[in-house]
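Below you'll find only one chain, the form predicted alone, shown as structure tokens.
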Amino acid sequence: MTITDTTTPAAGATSRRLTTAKAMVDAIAQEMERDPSVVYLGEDVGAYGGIFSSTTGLLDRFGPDRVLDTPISETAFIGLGIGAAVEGMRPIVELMFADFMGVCLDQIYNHMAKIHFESGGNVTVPMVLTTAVGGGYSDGAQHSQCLWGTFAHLPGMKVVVPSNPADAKGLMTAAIRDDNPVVYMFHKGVMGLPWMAKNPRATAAVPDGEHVVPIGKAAVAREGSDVTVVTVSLSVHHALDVAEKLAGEDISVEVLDLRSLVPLDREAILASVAKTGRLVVVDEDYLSFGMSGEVVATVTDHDPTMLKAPVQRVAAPDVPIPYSHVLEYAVLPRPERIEAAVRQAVTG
């Protein structure tokens, strides 16, 4: 299916200020209205509206035949979604936390991701797997990981990670319409939930009507000339905070929001680093074998002489995410660590 880029709103287009959570619901509702084959299923997605408000109001609007509360059996309901997808529907299946992939990875990787390949391209799996990621609110080692690097490492699935309300709507629309399985990963810290730490950018203008952000196209969240910060999700907000602070010291930070890990917009990474000559990669996922290494390799495989200084990587160390608030903040890529890395990249 061809996806039209409507990232730039048409002249005269209207918008509303929405939280990221409400922007997601807006996209899902519009696609459910447009296409009767779109259904949503998962734990607490019906009357409760999703524990991160990802489905609020959908049950009342579309009924229990299209918004299905499931038992606590991820293997079963993800398998249900896969079966529905190969039979011509477009299910959205919510895995409550990305950490829970451990109980259902067989369905995700050995079936959802591989059926198209194993069928010689004759069977498609137009399915969206949504899941919440990220730490910062003391929910422990089994509810606080990002793990997008794990999903991106396994071929056969697209992986998108929105950082703001408009992208949340646009990427959701693109994911639902895509004929490939898409893993849609939303960070709790960007959803605009009242019980999370306040994030002023979690509420922003979202275009009314159809809004599509092409999967695999990064966005420059802030232009700069001295150093490039490549990141995704909540870390985009942290990087923007650092960039605004350092602008007062005449340090110009460019922030590149990847938006998608698969496909990865390598051209955007190279274009930004070619301009600044310095690279900081910020990743709330684990340091080893993940996104940060892939971004760095994108540059060094192309032309390591682009770099004026050693690359700085700010990521979660290879340890479980602690429950203690103090220890949790110590391992997460918070603004203090990002600022130190930017300063190191600029000054050497």
Partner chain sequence: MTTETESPGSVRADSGQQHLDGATRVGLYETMVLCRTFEEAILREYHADKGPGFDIGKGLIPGEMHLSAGQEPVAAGVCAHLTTDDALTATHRPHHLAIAHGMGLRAMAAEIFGRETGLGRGRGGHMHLFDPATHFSCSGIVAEGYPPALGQAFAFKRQGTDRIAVAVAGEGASNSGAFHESINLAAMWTLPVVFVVEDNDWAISVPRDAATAVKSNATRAVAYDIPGERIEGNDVEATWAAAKRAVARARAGEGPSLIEVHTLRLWGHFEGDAQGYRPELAEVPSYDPIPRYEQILRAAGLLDDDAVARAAATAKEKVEDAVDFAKNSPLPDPASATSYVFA
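On a predicted model such as this, the values are computed, not experimentally measured, just so you know. Residue numbers count along the first chain shown, from 1.
Separately, the form predicted together with the partner chain exists; it is not shown, and the next lines address it.
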query	finding
Listed residue that, although the partner chain is not shown, lies within 4.5 Å of it in the predicted complex (heavy atoms), from P36, P317, P64, P310	P317
Sole residue of D139, D178, E210, D241 within 4.5 Å of the partner chain in the predicted complex, by heavy atom	D139
D69, Y323 and A330 all contacting the partner chain in the predicted complex, non-hydrogen atom within 4.5 Å	yes
The partner chain in the predicted complex: contacting segment from 276-284, 46-54, 289-297, 27-35, heavy atom within 4.5 Å	46-54
The partner chain contact in the predicted complex: G88, any heavy atom under 4.5 Å	no
Close approach of A271 to the partner chain in the predicted complex, 4.5 Å, heavy atom	no
Partner contact for H143 in the predicted complex: the partner chain, 4.5 angstroms, heavy atom	yes
Residue contact check: F97 to the partner chain in the predicted complex, 4.5 Å heavy atom	yes
Heavy atom contacts to the partner chain in the predicted complex at 4.5 Å, residues of 281-316 in sequence order	none
